[in-house]
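Next comes just one chain, in structure tokens: the form predicted alone.
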Amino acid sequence: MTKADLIVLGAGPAGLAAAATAAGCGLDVILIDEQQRPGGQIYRDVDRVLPLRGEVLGPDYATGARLTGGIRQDTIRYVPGACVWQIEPGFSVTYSGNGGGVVTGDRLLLATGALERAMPLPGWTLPGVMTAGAGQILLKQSGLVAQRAVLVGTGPLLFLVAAQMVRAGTPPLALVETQTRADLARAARHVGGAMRGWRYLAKGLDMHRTLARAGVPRHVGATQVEIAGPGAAEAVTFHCNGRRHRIDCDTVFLHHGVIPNTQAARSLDIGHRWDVRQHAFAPVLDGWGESDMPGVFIAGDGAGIGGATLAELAGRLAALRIAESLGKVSPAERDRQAAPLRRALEREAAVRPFLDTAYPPFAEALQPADDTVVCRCEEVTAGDIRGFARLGCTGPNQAKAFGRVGMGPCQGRICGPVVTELLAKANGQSPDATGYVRIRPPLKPVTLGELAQLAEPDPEAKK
């Protein structure tokens, strides 16, 4: 068993920044990540990919190389390709892959990032349909760009992926956008605050110009979106501007925002609260990112959606507090180093009210039609879940007993938030009162062979 001052889970911007800052304060750090190379999803495989496709992915992508360089320190033990499937208070972390093992630490920082919000629509389970983030991973990691693709949904990532496809020489056939002009009008009251984060606005305008120059059609305010095709995606149909549209295509990228990945935090029974503005649960934290379980910190999008720069700043702040709590820096030194980080963090966060209001999640995907599959693992429909509510089901954990929803390989990561929204509306109660799926180990599927590798050799067995 390996011991460290601090265990960091996740090598995205928050985890990389936290590990480097903590090591700089004199802490011994173990950094564990599922991917084979550091960077998380936003800076995925940046050290290898930047020279190959940096121009396509944009100037912000290069920031990741600075962060990955920060973890090349003797006091950081980096464990890539490791899937964490159990966390115990104290803190003990068990993982498989890369030899598997158990590590312990005095403090734990969860930097597990975000998940794309599930977008259950008629036809969303057909081959040829994937999330926009998955399409971006193909581009980053392998240089693959889908031909004859349509992007459907809303939010900054949708525009970023479309702009990257244009720069890669394969523009999408169209953007089918679910936000409305009324949403943009409501967001106007936040423009003043958003100007403090003007770089985001400038980046957004640049992406829109890129799409316009490439002649990519945009359909704004789409409703009744369906993906057609008996055996695979063949077209996207939708209602917009008073008539029905059909765009024939081979690939559909869906996206309507990201939500905090809270599975690891929930496995420790850390308190969470429903964020009305972001339509998602987020952990309850103090100003340094510490949870209601002393010694457990959360930074980055796993603490609430804010983007890569804000994640980096939050990771550094959490690391300073951890170092202070372990006696490596004084409170005065902690606060001195934290002051400029907090000012930068406030600037970065200022744009979120505008973005969250202008690009809300697609209402029809938050409350899908009865015949739409919600839990893909167990093939449970939205109508099934509403039926559970009529029989007295009040929360996602009860829904497991009613119909196995959330009991497949994803353990509710994909369908859990939608189930909460469906039951909350059906029962006329808040998402907070409805709750979320209770998370127990293993957090991710683990094979019997991987479990067996963890067993200590039995000396008697050799005799």
Partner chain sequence: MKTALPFLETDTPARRVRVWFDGAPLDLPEGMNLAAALLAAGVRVFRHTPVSGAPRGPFCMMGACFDCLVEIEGVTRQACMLEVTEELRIGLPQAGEGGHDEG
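Residue numbers count along the first chain shown, from 1. Everything quoted here is computed from the prediction, not taken from an experiment.
Keep in mind that the form predicted together with its partner chain is not shown, yet the notes after this line are about it.
Shown without its partner, this chain lists E378, E364, E290, E348 as candidates; in the predicted complex, only E378 has a non-hydrogen atom within 4.5 angstroms of its partner chain.
With the partner removed from view, the residue among L184, L144, V102, M195 that has a non-hydrogen atom within 4.5 Å of its partner chain in the predicted complex turns out to be L144. Partner contacts here mean any heavy atom within 4.5 Å of its partner chain in the predicted complex, and among 339 to 347, 320 to 328, 186 to 194, 111 to 119 they occur only in 111 to 119. Not displayed here, its partner chain is kept clear of T372 by more than 4.5 Å at the level of heavy atoms in the predicted complex. Not displayed here, its partner chain is approached by Q36 to within 4.5 Å at the level of heavy atoms in the predicted complex. Proximity of V284 to its partner chain in the predicted complex falls outside the 4.5 Å heavy atom cutoff. By the criterion of a heavy atom within 4.5 Å, A62 is excluded from the residues contacting its partner chain in the predicted complex. With respect to its partner chain in the predicted complex, the three residues V150, R213 and R352 uniformly fall beyond 4.5 angstroms at the level of their nearest heavy atom. In the predicted complex, its partner chain lies within 4.5 angstroms of at least one heavy atom of each of the following residues of 421 to 449: R440, P442, K444, P445, T447, in sequence order.
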